[in-house]
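Taking the form predicted alone, here's one chain by itself in structure tokens.
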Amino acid sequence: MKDTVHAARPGGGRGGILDREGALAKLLIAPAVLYIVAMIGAPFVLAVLYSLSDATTGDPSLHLVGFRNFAAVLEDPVFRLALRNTFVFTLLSQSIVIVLSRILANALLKPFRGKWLVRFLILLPWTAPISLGTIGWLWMFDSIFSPIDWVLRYLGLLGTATGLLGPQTNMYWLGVPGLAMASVIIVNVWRILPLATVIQLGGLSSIPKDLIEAAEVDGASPWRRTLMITIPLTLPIVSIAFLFGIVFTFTDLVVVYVLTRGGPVQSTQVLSSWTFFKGIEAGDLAQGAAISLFMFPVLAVVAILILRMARRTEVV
């Protein structure tokens, strides 16, 4: 058998690197590893060094000062507010995304005319640059010319003495702390929803139709089929969609920066935006790096928990 294999190779030798699976696998994965090291590993190490120094944009030299920056960050009330806002912003928006994406995915599984157009419109927010889309939302939330306020006034919900939202003619979406946070969450949901819908659509499409048909024959109601079949079988997929959404939201800067710049009165400040304002605009690279490093352990723990849960449910 060995003679036959050697005879099939040119020159009867051991073959080149392309004939060895282990070496070929390492060769193919090398560009991805180099990319991760260059784009993630090196900046992470630099952030750690900056966080332990007194570097500024005027003097970026590294003079190590220990954990002084972390102590200063923890004493900063804006940082504590940004940390709380980050969790609120992330959990609320992703909870809404998971529910809406499941509804959209179920609707897109049904046969109807124009399904391709609906799918295109749903995917459009994900393909468009987030900065341009957020600028469009900035106009929609304008304190004077907001089309949302116009619709609310037309429906009688705003601008009348008996209106549900009050007698004022405008909502001032980005000028009131509660409304500003709601606006940021709405835009983030609009941004993440297409990706979550595609992921959930793939999970629902992979469910064997025999299980659904057997449940229907046994007389199971739609709610029972959802609770006993659909949710358990798609839980790993939902976990991955939730993980992607948490990572994208937790590290997002563009939505908050374009819409509110952390205002009003720092009420929509999150860790990523406060890192930018403190480290770049204020020029304190050391404290900016220290703030950014607080995101790493949180994301690492969340990723480990979600992936373990997805693996456990998949095995079961």
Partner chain sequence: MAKRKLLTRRDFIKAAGVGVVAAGVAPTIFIPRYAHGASKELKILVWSHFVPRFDKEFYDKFAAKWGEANGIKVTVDHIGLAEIPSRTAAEISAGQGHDLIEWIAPPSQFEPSVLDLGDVVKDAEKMYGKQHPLCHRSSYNPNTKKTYCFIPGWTIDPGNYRKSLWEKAGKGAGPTTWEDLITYGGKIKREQGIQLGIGLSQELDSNMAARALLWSYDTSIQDARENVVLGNPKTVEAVKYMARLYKEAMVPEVFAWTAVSNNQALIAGRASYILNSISAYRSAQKEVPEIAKDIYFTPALKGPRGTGFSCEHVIYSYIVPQKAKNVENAKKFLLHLVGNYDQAMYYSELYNSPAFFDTHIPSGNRGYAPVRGAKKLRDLHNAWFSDDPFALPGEAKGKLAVLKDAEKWSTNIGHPGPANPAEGEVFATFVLPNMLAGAARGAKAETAVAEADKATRTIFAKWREKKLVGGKV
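Residue numbers count along the first chain shown, from 1. Since the structure is predicted, the reported quantities are computational estimates derived from the model, not experimental observations.
Not pictured, yet referred to below: the form predicted in complex with the partner chain.
Scanning Ala32, Val45, Val265, Met39 against the partner chain in the model of the complex with a 4.5 Å heavy atom cut-off leaves one residue, Val265. The contact with the partner chain in the model of the complex, taken as any heavy atom within 4.5 Å, belongs to Pro177 out of Pro125, Gly202, Gly163, Pro177.
When contacts are judged by a 4.5 Å heavy atom cut-off, Glu216 does not count as touching the partner chain in the model of the complex. The partner chain in the model of the complex is not approached by Ser272, whose heavy atoms all lie more than 4.5 angstroms from it. At least one heavy atom of Ile280 is located within 4.5 Å of the partner chain in the model of the complex. Contact check for Thr169: a heavy atom falls within 4.5 Å of the partner chain in the model of the complex. Along 60-77, a non-hydrogen atom within 4.5 Å of the partner chain in the model of the complex is carried by Pro60, Arg68, in order along the sequence.
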